[in-house]
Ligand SMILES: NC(=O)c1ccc[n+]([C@@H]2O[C@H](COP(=O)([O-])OP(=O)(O)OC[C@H]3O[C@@H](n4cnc5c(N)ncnc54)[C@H](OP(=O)(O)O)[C@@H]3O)[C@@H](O)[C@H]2O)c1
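Starting off, we have a lone chain in the form predicted on its own, written out as structure tokens.
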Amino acid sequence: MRIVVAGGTGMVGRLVVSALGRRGHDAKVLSRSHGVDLSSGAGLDVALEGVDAVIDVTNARTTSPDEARRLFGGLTTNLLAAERRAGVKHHVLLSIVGVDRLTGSPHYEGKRAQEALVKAGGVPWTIQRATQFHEFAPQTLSWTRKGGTAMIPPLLLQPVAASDVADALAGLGAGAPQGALDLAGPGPEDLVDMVRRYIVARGESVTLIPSWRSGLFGVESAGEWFLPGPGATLAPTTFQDWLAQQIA
């Protein structure tokens, strides 16, 4: 199959392109560096000629809910319109487990808007919701670290390996539309403990302060908001397995 990956130069996108190649598909990338501007739609019609499916892993970072909705909405609207013109048969979107339960996060607001557009976009669709990646632990540390201390929100997660998500997306892109699906890692983890283990594995010394005052998530995020439902598919790679790979 000929499958294009929107956002294919990012961390997950590169893994998706590799996973598609291993499965024998003709994988192409939609990005500015490949002559396509999703925010304006320039280059999309040419890029989607003869394409069977689109896997959308685009991302945008903003601290404003309105801006997030505008950015994600604009990208998705342009992409779906071009897919309809090209006769694309399947749109696969990467989203987040719990996106419809947790309010207040600009990123979640943007992803909710994106999901709504895909469901009403006129292209047969699959939405693969995934839990936070294992990489979320070092990312949180980098966002909150100030000198020798870091405030880490005590979130309960069930993190998943980005490579496992990429494999799932590649399989979905080559198959029939399936609606909304959940994908999670093999078991729950405490974010503070994940960051602690990451620091120890790297031989660093950082004082971790479990706190909702980090600015990343408020106390409304306490509890099981980020955990998958009972029907979720569980990926095999544990956080400890991923950590061992990173250190190696």
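The first residue of the sequence shown is number 1, and the count goes up from there. Since the structure is predicted, the reported quantities are computational estimates derived from the model, not experimental observations.
Below: the form predicted in complex with this ligand, not depicted.
- Using a 4.5 angstroms heavy atom cutoff to this ligand in the predicted complex, all of Gly8, Thr58 and Phe133 count as contacting.
- By the criterion of a heavy atom within 4.5 Å, Gln158 is excluded from the residues contacting this ligand in the predicted complex.
- Proximity of Ala174 to this ligand in the predicted complex: non-hydrogen atoms within 4.5 Å are absent; the residue sits far from the partner.
- Though the partner is left out of this view, Ile96 does reach within 4.5 Å of this ligand in the predicted complex, counting heavy atoms only.
- Although the partner is absent from this view, Val88 stays clear of this ligand in the predicted complex, with no non-hydrogen atom inside 4.5 angstroms.
- Note on the interface: of 134-142, 148-156, 115-123, 80-88, the segment with non-hydrogen atoms within 4.5 angstroms of this ligand in the predicted complex is 134-142.
- Here is the short version: of Ala53, Val206, Leu38, Leu191, the single residue with a heavy atom within 4.5 Å of this ligand in the predicted complex is Leu38.
- With the partner omitted from this view, the residue of Ser31, Ser221, Ser214, Thr62 that lies near this ligand in the predicted complex is Ser31 [heavy atom within 4.5 Å].
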